[in-house]
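Take a look at this single chain, the form predicted alone, given in structure tokens.
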Amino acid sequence: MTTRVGIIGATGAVGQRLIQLLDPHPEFEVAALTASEDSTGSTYEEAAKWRISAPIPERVADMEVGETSPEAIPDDVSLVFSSLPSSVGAAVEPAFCEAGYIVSSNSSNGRADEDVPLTIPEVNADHIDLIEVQRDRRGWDGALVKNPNCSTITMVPPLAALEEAFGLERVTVSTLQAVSGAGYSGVTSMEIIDNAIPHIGGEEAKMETESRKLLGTFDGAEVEWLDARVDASCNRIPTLDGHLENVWTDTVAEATPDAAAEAMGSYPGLDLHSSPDRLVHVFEDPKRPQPRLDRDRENGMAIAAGGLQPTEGGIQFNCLAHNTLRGAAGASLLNGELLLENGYL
């Protein structure tokens, strides 16, 4: 028996990826779609400017788009995926939680809240139980669960492997981020063609805080963030999909490139439907990973790493993930599967 789900903010880039990933899905069935007021009452095919190469699933194409409110979601839906802009999500998502829905959200609002689970299932699945703390504090029948920023997701699994094997004292990262991370209208062609933009507003702070929460420890009541310094510089480049990142670490124990590659490559995954067979793929070729060659590895859900070199204090490496699959829609979907696996749905 499948679990019926809704998608709020269904017409945007991440919403479209969610629909792609949910067709078909053995555990979830799309039962409701919402979007902005301009789309309400239209069929999904009419409302969405479909940008994905695969066609719109037939059943979803004919579904009517509702208003983004709890009243638009059928009572037999228990899980709602949110891909709303953060300003809208901050105003709307709590109402869904109060109405009894569990919201798996890609929006950035609330990620740092101490009672909101921020999870990458393979890295910190136990943090999902912050739901119990959240419900006690907020009096919700539902719950709010977040996945991190797409750039954070790219580097945290390799960092989790290094933290487990050697301990982390400091992380410095410089990103080369694809234009799809800004949404369809986020960066104009005149801005990005033959260019690079050395600043993405708010992105650095997200990477610096979210990574420490994700790599922190949960004691059943709260998360103690990782005690390490994280510094980020975020840059937009003219690739379509795939965030490439250059990372430098200082480790507590001495780490060699071979030992670090072994730790990353053997870092365990999970047996969820959308999990990759191997979470981190490590390349010996110093010219890999590359967005065009490696972003679709394991249906876009794996992390690719390479270029491992020793530094005075630790290890330097490069990493890559598909930013709208692993970094956004796929991350929310994995959190939904984790919620189901842990009996929250």
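Keep in mind that what you see is a predicted model, and the values were worked out from it rather than measured. All residue numbers are counted from 1 along the displayed sequence.
There is also a form predicted together with a small molecule; it is not shown, and the following applies to it.
For the three residues 68, 106 and 150, a heavy atom within 4.5 Å of the small molecule turns up in the predicted bound form in every case.
Checking 268, 202, 183, 220 against the small molecule in the predicted bound form, a heavy atom within 4.5 Å turns up for just one residue: 183.
The contact residue chosen from 88, 176, 259, 197 relative to the small molecule in the predicted bound form is 88, the criterion being a non-hydrogen atom within 4.5 angstroms. Comment: 316-324 is the region of 56-64, 300-308, 280-288, 316-324 lying near the small molecule in the predicted bound form, near meaning a non-hydrogen atom within 4.5 Å.
At the 4.5 Å threshold, heavy atoms of residue 111 reach the small molecule in the predicted bound form. In the predicted bound form, no heavy atom of residue 30 sits within 4.5 Å of the small molecule.
For residue 73, no non-hydrogen atom is located within 4.5 Å of the small molecule in the predicted bound form, even though that partner is not displayed. In the predicted bound form, the small molecule sits beyond 4.5 Å of every heavy atom of residue 333.
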